[in-house]
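As a starting point, one isolated chain is supplied in structure tokens, in the form predicted on its own.
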């Protein structure tokens, strides 16, 4: 087979405005899976996506995932969207995964624009809006590519299965069970040859990448309670044990300012580093200035590139995320909170798993809490977790993506492991027994989960071409 027909990338260029408009309609739906008040919007986003798939001739099935209790309210989990396009036994079958939920976003968080209004910056070509890069842009990129094939009268060279979910930002509740059930003989995913996920990013703003590893995660909530109600600090200060004081002290025992994890035994579980592996990090097109550009400040933990990269990709990290129940509004309020909860997570790497790390964390927190000699009470929850994942970057699935990347961008991609977590990646790999590829659309400075999240328009269009070319190259493998 020859190179992908030129009319397919030409169609994407010619329809750039329509594709950006569709992304704007998607971004306008505030599909925040972690907020009770936005659950209806996650369902609305599922409806939108189903409608777009049906327009392309995809056979769509909505899969119920059950219920959850969120902030004391029982809610229906958003449906997973399963789709099928093509059933030619002579072709490979590729499963495409993405998610249509997003992180919370408020203008008051520090956004320069309304977060749920896609705003194009004509000076930079950036498409700014929550979900533009994570993950609505890449999900719609698949639709752009498929539409380009169909409107160009070019047969799609593979069969495609779709799995789009609305709970990825909240632990993918219910999805593992669905995948495991549908992976069995006769199930929806049975017969899939490989999986492709576009839900990650280049290391920098210059070099396309393929990702063959992800960190796992264990996310914790520790709650300290004491008084029966909030108290006045002028009346009760220095007369009672204060939950906030205990919480701050406890959270300070978890990690050092230089990133060292203080929970005994957690770092001991990390697989040893070989010289061969370290050489990969040295060779990547990345610098300390790249991470500082992405962060928006000169705050890197080291001046050594390999050290910074390994801190992101192959070592665990512990991050403190927030405190629930404390006064956080503008102004001064002299309150002693009756109950506060601290949230933190550990990004896991081989050979760590939540099952191995959780007992270490819980035992350590209980031990440190006992040292406070407080009359307050402690409870510890693991809100969600997922194991780390590593794939074979020399598999035909990756080789196809390497050729596609070179065809679209004119250069070979960096092969990376990523610091984030997509727990479903490992579920697909283990349940289906096939290779899983992470093929990113966005750049390293997209700011997913942060304020002013963006996707460069050029990456949206070139990325759509990349996804379409990948399907073409898979058929040649």
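Throughout, rigid core stands for the largest set of C-alpha atoms superposing within 1.5 Å between the two forms. Since this is a predicted model, take the numbers as computed values, not measurements. Residue numbers count along the first chain shown, from 1.
One more form of this protein, predicted in complex with another copy of the chain, exists but is not displayed; see below.
For residue 423, no non-hydrogen atom is located within 4.5 Å of another copy of the chain in the model of the complex, even though that partner is not displayed. In the model of the complex, residue 316 approaches another copy of the chain with a heavy atom inside 4.5 Å. Another copy of the chain in the model of the complex is approached by residue 215, whose closest heavy atom lies within 4.5 angstroms of it. Although the partner is absent here, residue 284 sits far enough away that none of its heavy atoms falls within 4.5 Å of another copy of the chain in the model of the complex. The contact with another copy of the chain in the model of the complex, taken as any heavy atom within 4.5 Å, belongs to 332 out of 185, 279, 332, 73.
Residue-level contacts in the model of the complex: of 370, 299, 123, 355, one residue has a heavy atom within 4.5 Å of another copy of the chain, and it is 299. In summary, the region of this chain contacting another copy of the chain in the model of the complex, judged by heavy atoms within 4.5 Å and restricted to 170 to 178, 83 to 91, 243 to 251, 152 to 160, corresponds to 243 to 251. Contacts between stretch 245 to 280 and another copy of the chain, counted in the model of the complex as any heavy atom lying within 4.5 Å, involve 245, 246, 248, 249, 251, 252, 255, 256, 257, 259, 260, 261, 267, listed in sequence order. The rigid-core alignment places the CA of residue 155 less than 2 Å apart between this form and the one not shown. Superposed on the core, the two forms differ at residue 374: its CA moves 2 Å or more between this form and the one not shown. Once both forms are fitted on their rigid core, the CA atom of residue 241 lies 2 Å or more apart between this form and the one not shown.
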